Ligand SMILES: Nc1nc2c(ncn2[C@@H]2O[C@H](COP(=O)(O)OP(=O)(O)OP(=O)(O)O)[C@@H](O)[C@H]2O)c(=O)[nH]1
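A single chain, nothing else alongside it, follows as structure tokens in the form predicted on its own.
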Amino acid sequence: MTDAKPYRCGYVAIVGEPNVGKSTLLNAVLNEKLSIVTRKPQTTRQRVLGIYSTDAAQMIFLDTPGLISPKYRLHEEMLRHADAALADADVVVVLTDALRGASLAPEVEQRLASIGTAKPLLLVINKADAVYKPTLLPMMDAFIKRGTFREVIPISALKKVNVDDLLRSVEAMLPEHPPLYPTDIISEQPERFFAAEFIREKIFQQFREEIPYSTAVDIRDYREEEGKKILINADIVVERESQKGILIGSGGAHLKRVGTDARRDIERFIERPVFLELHVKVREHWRDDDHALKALGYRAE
């Protein structure tokens, strides 16, 4: 009779430039839409915790904002969320895009230099299916020769190609430890957090240029009553009156579409019927206002 394999558990930070597929990877691992995904960069503003549990391991993934040069106080707080995830992590997954070649952004390199060899680093080349295969091996070899990464793994998060290989590698790098969370949950964050994220996702998907980046969502009321719909009252915060007009649209058409699409996703996620009420409010320069950032939940503690 052989001894059972020790259980492994730990935090896994997913870091990288904006738009390389960090949120898509987390959703692929969990087989659930936990992180919002759009084609626009800087969609993720706070770290999103996703819990993947098996009989042998519990991997607590931290999806982080893309590493950028900050332009607003909001960006500085986004980077603090990423840095907090790196500090908590037992394993760091550095995600890059195969279309960007064998180089990493200066902001990513800066974080890797600060980590050094203190934690296992795993380089994941996403969208590997989007490049000519003979170019992929030299790209992988260039990253391997750096000597920074324990492993280099090509994947397609969108098509879930090689994601299982990535999970096996992450599991092997985790410390021996019993699970930190119940094994039947996928996140510790409250439903109201995800409700705000789904609303914000629809704004990113339906509006162009500066509107999505100037917008935040504040859940004013989230009320559950037995046998009734969940009542969600949310403020969409913008920086200018002109943005408010665009978001509402003629006769409220734009806001109604955001609400309808967001409600569907919220109902699918919480598996309960929802009554969603949206209002648009102007708060000038909220992205550079510490009080506003704290009130909206963006201040990293």
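Keep in mind that this is a model prediction, so the values were computed, not measured. Counting begins at 1, following the sequence as shown.
Below: the form predicted together with this ligand, not depicted.
Looking at residue 21, you'd find a heavy atom of it within 4.5 angstroms of this ligand in the predicted complex.
Interface residue remark: residue 66 is counted as part of the site for this ligand in the predicted complex, having a heavy atom within 4.5 Å. Although the partner is absent from this view, residue 38 contacts this ligand in the predicted complex, with a non-hydrogen atom inside 4.5 angstroms. Remark: residue 215 does not count among the residues lining this ligand in the predicted complex, judged by a heavy atom distance of 4.5 Å or less. Judged against this ligand in the predicted complex with a 4.5 angstroms heavy atom cut-off, the residues 17, 42 and 158 are in contact without exception.
Only one of 145 to 153, 80 to 88, 101 to 109, 125 to 133 lies within 4.5 Å of this ligand in the predicted complex by heavy atoms, and it is 125 to 133.
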